[in-house]
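One chain follows as structure tokens, the form predicted alone.
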């Protein structure tokens, strides 16, 4: 490039605001992001970037708020087809009397289309990465790759036979094959995902830990979600679920604990010392009356906490903007402290913290040169978002999924002006309705 020549980039996106979520939490107003291929080339004032770069395409949003793509740290995507199937029930009854029986009738086709339905909802509401624990994880990975969303997937592993892989030993083999198949994919990562301490023997849990270590990937498990789970674990193993994993040598920075609702001081100290992360799912925990996770205490101890929606059968949506609002307000009312979990921290849960708990912090979660170009444009030209004094406040307490205008994943425009560009939404909706009818029969 000659002196004075502009550098060519694939895309320049400009907006009224850019919240970078970089270590300095830099804000640009107005702001712009230059994208080169799959990566961010620069972030800064529009005039400055226009002087430096010659974009092949420019997307200008005079009333747009540009943020990092949101990260759903825990969900069961294909359960979008179970939305509303069994509501207002205790967790154990919901799971054992309704969800497990329904799952016995599943197949890979159901999971593939259910995942595509969930991806549509997530992309349209600003989530660019999701972490999925479910059956037929190969079909989940395929759906993610085809639709252009970033995903961490894993086959849920139990002590009892699975409708996908059969006996427990075959589940470990299936997970190993997943790791090998998707090892070099730019969007799909694989994690090892035993279901919970009450559905997995100590031997199975340790085998899962060994497999996760061998492939240098995350070990993800539902943990300490209810008082009953903790009491049963203490009665059976003489330790809380966190203490149980500690005894098994499974607490490490590799571990992601989904929910983490019922935690003692000792549990939190063990998590902090090990470097393990927690995926907080406030709306699911509220709906199933599991309790309120001690998020403020966990963060104060240095435990990384991401934000998840859980599945649509227990939430019943995948809107992370709404989840941020709930997370912040739930901590405030629980602690009777209006300063608890402020809007800035709530956004951290859904961006940089979500990336950290999934081991993706060097790729996504913030807008900075060299990071993957996963970003979202929020349309501020709406009655409920006008006027704007504090973009963090508006984002967490006023915006919703319907305000998402444009979405990029890996430098690719996957949603533009509220329209999905990477797959046929009408076909997905039609197949979802068809599969729901077959399930009802």
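Residue numbers count along the first chain shown, from 1. Because the structure is a prediction, the values reported are computed rather than measured.
Another form exists, predicted together with a further copy of the same chain; not displayed. Remarks below refer to it.
Participant: Of 316, 217, 162, 274, which residue is found within 4.5 angstroms of a further copy of the same chain in the predicted bound form when only non-hydrogen atoms are counted?
Facilitator: Comparing distances to a further copy of the same chain in the predicted bound form, the residue within 4.5 Å is 316.
Participant: Which residue, 29, 50, 393, 58, is the contact with a further copy of the same chain in the predicted bound form, using a 4.5 Å heavy atom cutoff?
Facilitator: Here the answer is residue option 393.
Participant: State yes or no: in the predicted bound form, is some non-hydrogen atom of residue 288 no more than 4.5 angstroms from a non-hydrogen atom of a further copy of the same chain?
Facilitator: Flag for residue 288 set to yes.
Participant: Would residue 337 sit within 4.5 Å of a further copy of the same chain in the predicted bound form, counting heavy atoms only?
Facilitator: Result yes; residue 337 sits at the interface with a further copy of the same chain in the predicted bound form.
Participant: Using a 4.5 Å heavy atom cut-off, state whether residue 348 contacts a further copy of the same chain in the predicted bound form.
Facilitator: Residue 348: no contact with a further copy of the same chain in the predicted bound form.
Participant: Is there a non-hydrogen atom of residue 342 within 4.5 angstroms of a non-hydrogen atom of a further copy of the same chain in the predicted bound form?
Facilitator: So residue 342 counts as contacting a further copy of the same chain.
Participant: Taking a further copy of the same chain in the predicted bound form, would 12, 42 and 371 all count as contacting it (heavy atom within 4.5 Å)?
Facilitator: No, none of 12, 42 and 371 comes within 4.5 Å of a further copy of the same chain in the predicted bound form.
Participant: Looking at 230 to 238, 327 to 335, 149 to 157, 134 to 142, which lies within 4.5 angstroms of a further copy of the same chain in the predicted bound form, counting heavy atoms?
Facilitator: Contact criterion met by 327 to 335 only.
Participant: May I ask you to list the residues of 422 to 441 that have any heavy atom within 4.5 angstroms of a further copy of the same chain in the predicted bound form, in sequence order?
Facilitator: Heavy-atom contacts within 4.5 Å come from 425, 429, 432, 433, 436, 439, 440.
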